[in-house]
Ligand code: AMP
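So this first bit is one chain, no partners, the form predicted on its own, shown in structure tokens.
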């Protein structure tokens, strides 16, 4: 799977430095990292459970290697690659995991009114982000309109453990949901193995189980989209919660002085504009991953209204508009988890509850 945003979230244990830690203060979580699915996977466990770390990492790596073989568009023998080659000709049988990801993709596509769309790949290729060589000149309206005919989640038809793309030229790329799904599968297998206190971070798609230490939540820093090595504040997560970020700061191209993000709006065919970063807290990493992309495309004007249909999955969301001075627009649910830094506290705006907002026309 190609990397969507290698470090959309900056995961931090927020340990007090050794020189400042009080003698009675327990050690923080321990972490191990590796490469998987075209990005970095990190597994963290409490210091008291450090003996489980090697086992947890092995479970994570083996799970991710297996899923990559079936879900990656970059693997010619994967089920997704076979589905794309069969576009417009015949359906393809699927394993339970691939079927589940595609079913979830369809669901989140509907919940975001098509803003999240796994068939957007031809547009990503048109703008050069698939090849890693973004276009040096503006893409013409005619080119965009021609490629838009090859995009649309409604053309992905699911049967009984089968999938069919009903038009030639269509293709599926699970880059906006597969990593979140993979994190969920890893966490399920870790729980089954008896590891109940763990944080898994796959390229910024994070799920936290249990606690970082006895009585202490997991702490995750939310990336500042305007400063590479800075965060906006801290999320405190306990129990079973997931978080993901989509942003315009890792993969973009500047054309004639204007910056274009790699996140494409499936409705217009152009890179989504107006937002620098979106962070979502959800009940699963699958939901957080897909919702972060869809809510990035919908932006601050349409995104909050769309949350009304996602309240069963999404616990909170924050949008950072692509302008300065910095603003952090958060839902009430997000604010319950989020503690801004002292220098960003005055930049936080809490949005009205979704039920109090009228949906924009056409949503």
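On a predicted model such as this, the values are computed, not experimentally measured, just so you know. Numbering follows the first chain given and starts at 1.
The form predicted in complex with this ligand is left out here; the points below concern that form.
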Report summary line: Checking 101, 118, 285, 232 against this ligand in the predicted complex, the residue with a non-hydrogen atom inside 4.5 angstroms turns out to be 118
Query raised in the report: Among 263, 220, 183, 280, which has at least one heavy atom within 4.5 Å of this ligand in the predicted complex?
Result: 263
Report summary line: Given 79-87, 93-101, 286-294, 187-195, the stretch touching this ligand in the predicted complex at heavy atoms within 4.5 Å is 286-294
Report task. Answer for residue 201 alone: is it within 4.5 Å of this ligand in the predicted complex, judged on heavy atom distances? Result -> no
Query raised in the report: residue 176 near this ligand in the predicted complex, any heavy atom under 4.5 Å?
Result: yes
Report task. Check whether residue 242 has any heavy atom within 4.5 Å of a heavy atom of this ligand in the predicted complex, and answer yes or no. Result -> no
Query - Contact flag, residue 237 vs this ligand in the predicted complex, heavy atom cut 4.5 Å - result: no
